[in-house]
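Quick setup: one chain, the form predicted on its own, written in structure tokens, and binding and motion questions come after.
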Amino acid sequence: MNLHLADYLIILVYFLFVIGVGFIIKKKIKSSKDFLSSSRSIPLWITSLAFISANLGAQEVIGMVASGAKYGIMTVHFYWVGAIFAMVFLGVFMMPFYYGSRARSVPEYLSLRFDEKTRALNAVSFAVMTVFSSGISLYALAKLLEVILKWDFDVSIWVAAGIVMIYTFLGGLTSAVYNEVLQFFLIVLGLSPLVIVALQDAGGWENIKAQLQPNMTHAWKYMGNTETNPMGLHFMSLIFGLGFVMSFGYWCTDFLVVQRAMIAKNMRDAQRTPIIAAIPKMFMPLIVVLPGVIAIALMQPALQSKGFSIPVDANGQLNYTMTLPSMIAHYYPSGLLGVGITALMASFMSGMAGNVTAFNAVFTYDIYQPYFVKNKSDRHYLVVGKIITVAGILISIVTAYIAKGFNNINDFLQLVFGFVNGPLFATFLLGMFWKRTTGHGAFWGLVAGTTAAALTHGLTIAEGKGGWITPLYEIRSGMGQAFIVAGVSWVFNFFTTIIVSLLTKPKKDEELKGLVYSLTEKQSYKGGKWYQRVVPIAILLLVITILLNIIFF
């Protein structure tokens, strides 16, 4: 489908707007603190929407639709098992440590709690993960433009990356955060008509259920046996691998999202940021999972007259990554097509800018400043932060080409998270709640966890991926492999950290005040109405989440 003048105008207005935000914010950037951490001055409603939008990149929007087509309604587990509980835990228990310690980043918190070698290891692994994730966003958009609009893949990558570079280079984190809010609304408004039209075309939810295998329309019912569900997972693997290790590892330790809460104006707002963000997050499956389920239903014999099909790759297999782009091309007319394309561009920019701003902060604060050039002027670190912003985007372009080897970018992304966030959560869990944890324990725990992840990936094979040592065990899906990798990495980290900590000397209690739960003064927020307090909202969210799991059991 070709774009018409109205479509191009919509895209052009969007590009001009996001770049304009960068120019407006540029006037307020006076220091490295302004550029890299927004000087902790962002209001609650902005931090909350930016918190969810930073995770709502192209890899989630396109990747979750792909997973919806590949795994069915089970994909909602990424939200109702793999997000809400961890977001609530972050707000209630972990933000007091992050915000109260005055650390500028998650690795810097690790240096305060443990030591410099633990900080360095996490900073380097996180920097690698962010550019990989940013590259996935870039690949997703370029592939979208190539398939739908027949634009050149390479040109699309460079042009799109250039626009993100302009507004992040000009306004830093603040520019990215305000654009993330705009992008959140664009994504929701741009994709909602697609869900409505496609659902009606498929004959409604009841007809979709009638066309698909039952295991594609139930979240839990068929998870008692790995052979009876499309993910090839037992429910215990899902609960531990996704619900505990990967979800808590991502939402509670990934600086990309934690950074959005750390820039709030005060402690209460910092705690409420992930909890308020959990409200729209809970209902995102309507936008990013349901279209995938509808797409696979439209390919069943009874609905093939509708004319929709998911493209196939060079091997003749369904290319699930292209599910959402092909639906937009099929259903959106001129004008509305421009809105849909803009929504996907917004998701790409949201994901990429979020990763780049996290990357430049960690590289500047946790790699460059402590280990290479100390005690320079603030102006020096501001310049370095801007240079690293450009470097991060260039590296992202390289990783975009690596992502071309996966038929579901969400599988690839979850695997990357399994290597980095999986073991890291064990380090934080012990470090924050067991004061006996030592720096040596944390460091060697991370080494053991990451090594275990690599070995597990090398000894297992799923959909042709992994098994680079020897394929001892086959896993039915790439997603299942990612969960197992994460689970194994967490276990090895957890027990290695405990053993090494018991054999080494811990820090004194005085050094751990404000960094460990038992030695930190508890926050008391009794004032205000119940819906303004952290714990009541958290409890309500958990109850609703449990009900949703029961309804779609």
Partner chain sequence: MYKRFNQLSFVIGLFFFIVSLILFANALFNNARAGINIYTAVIFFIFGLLMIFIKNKNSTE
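Residue numbers count along the first chain shown, from 1. Here the structure is a predicted model, which means the values were calculated and not measured.
Below, we refer to the form predicted in complex with its partner chain, which is not included among the displayed structures.
Proximity of Gly514 to its partner chain in the predicted complex falls outside the 4.5 Å heavy atom cutoff. Proximity of Lys508 to its partner chain in the predicted complex falls outside the 4.5 Å heavy atom cutoff.
With a 4.5 Å cutoff on heavy atoms, His330 counts as touching its partner chain in the predicted complex. For Val534, no non-hydrogen atom is located within 4.5 Å of its partner chain in the predicted complex, even though that partner is not displayed. For its partner chain in the predicted complex, the listed stretch (418-426, 297-305, 77-85, 179-187) containing residues with heavy atoms inside 4.5 Å is 179-187. Checking Leu336, Leu430, Leu112, Val92 against its partner chain in the predicted complex, a heavy atom within 4.5 Å turns up for just one residue: Leu336. Residues are counted as partner-facing when one of their heavy atoms sits within 4.5 Å of its partner chain in the predicted complex; in 8-38 these are Leu9, Ile10, Val13, Tyr14, Phe17, Val21, Ile24, Lys27, Lys28, in sequence order.
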